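First, one chain by itself in structure tokens, the form predicted alone.
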């Protein structure tokens, strides 16, 4: 079955694809400012600990279930329990993951379209197409619809190629470009006046905040959600993983790469903010805290680039290309969730499944764009604040409680005959059974309250 439905050709291809799924806009422009607002190095240290103590076990639950079943999320979760009622719950949970991934992609495509617009506007302005450049960066419904359509078309063009010739091939091309661009931009920004102030704030730990409830919950939320957990993307990618691969080590490499890119982004974003401050660009809000999220990405950084003459043009273009690549590597995995379901559950060809899923999500994105004030924030709240953690809890419960230990051990022993002697086997089942559901539940309750 694995060969018929596609399989990653190499470990590197899988790692780059899975890390690309995890690395998104939030890693690059959300994580650094969150760190700066929560004790700098103290947040960074806590994030790193929690990423491997709690988020990694949840990641392994998805990867192992996917590799064990070689099915889409709905059929995979439905295959684990023995009881018919629990099988139906598993299949419905998988449908929930499909819907949640689609909802996330529907608003994500809009934001990613903005990134494409900014990336295109700077070169256009440089060659004299000022009016077109201004249209690309000015909020409007026509602009949103056009750029979202272009981004969704790009996503569909990769997914339609399948696992080997689409997802893996483009991940192997895009991820090195993303990492290289991030490194080069960081090194350059660190040479500018004010950069060391931002770097110091990012790395200097404020240990008075390390036991803060907000710091712990925010760090855990960043670790969990930055690994793209809870919506079936990692489960789907795991289902395309060869039975010859050692999943615990491969999962650790994915987590390391994802966390490493998030940490590396801090060496760009925080110094860039304080470079902007040194050049007279406002980086603090009315309450005295650092500006973040959309204010940072669409106001502070463009204002910084505008103070840098010709080099600012190149930096701005490179930065927004970086953001567009990060968005694309994530959107590919999100679209693959409903595409895999349509192929395996309804017997559609990949071309037709991609067209149906991609156009349906693009149409819903259009609906959001036409009713932006009412729908944009609502869809984000439903999908990321409630849907993603709820699904994460259920996946952990299925892996920890409903997957028979003998079957789980047999899965691990496919490529490690001494798996029952490893620390992973001695620790991971306990984590995924008890600790992960409880902690994710805490995140969910906190987000509601």
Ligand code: PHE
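This one's a predicted model, so the numbers in the text were calculated from it and none came from an experiment. Positions refer to the first chain, counted from 1.
One more form of this protein exists, namely the form predicted in complex with phenylalanine (PHE); it is left out here, but the text below deals with it.
Using a 4.5 angstroms limit between non-hydrogen atoms, residue 41 is distant from phenylalanine (PHE) in the model of the complex. Contact check for residue 72: no non-hydrogen atom falls within 4.5 Å of phenylalanine (PHE) in the model of the complex. By the criterion of a heavy atom within 4.5 Å, residue 26 is counted among the residues contacting phenylalanine (PHE) in the model of the complex. Within 4.5 Å of some heavy atom of phenylalanine (PHE) in the model of the complex lies at least one heavy atom of residue 22. Contact with phenylalanine (PHE) in the model of the complex, defined as any heavy atom within 4.5 Å, is confined among 296-304, 130-138, 186-194, 101-109 to 101-109.
This chain lacks the partner; the member of 324, 93, 226, 365 within 4.5 angstroms of phenylalanine (PHE) in the model of the complex by a non-hydrogen atom is 226. Between phenylalanine (PHE) and the residues 121, 144, 354, 333, the one pair within 4.5 Å by heavy atoms in the model of the complex involves 333.
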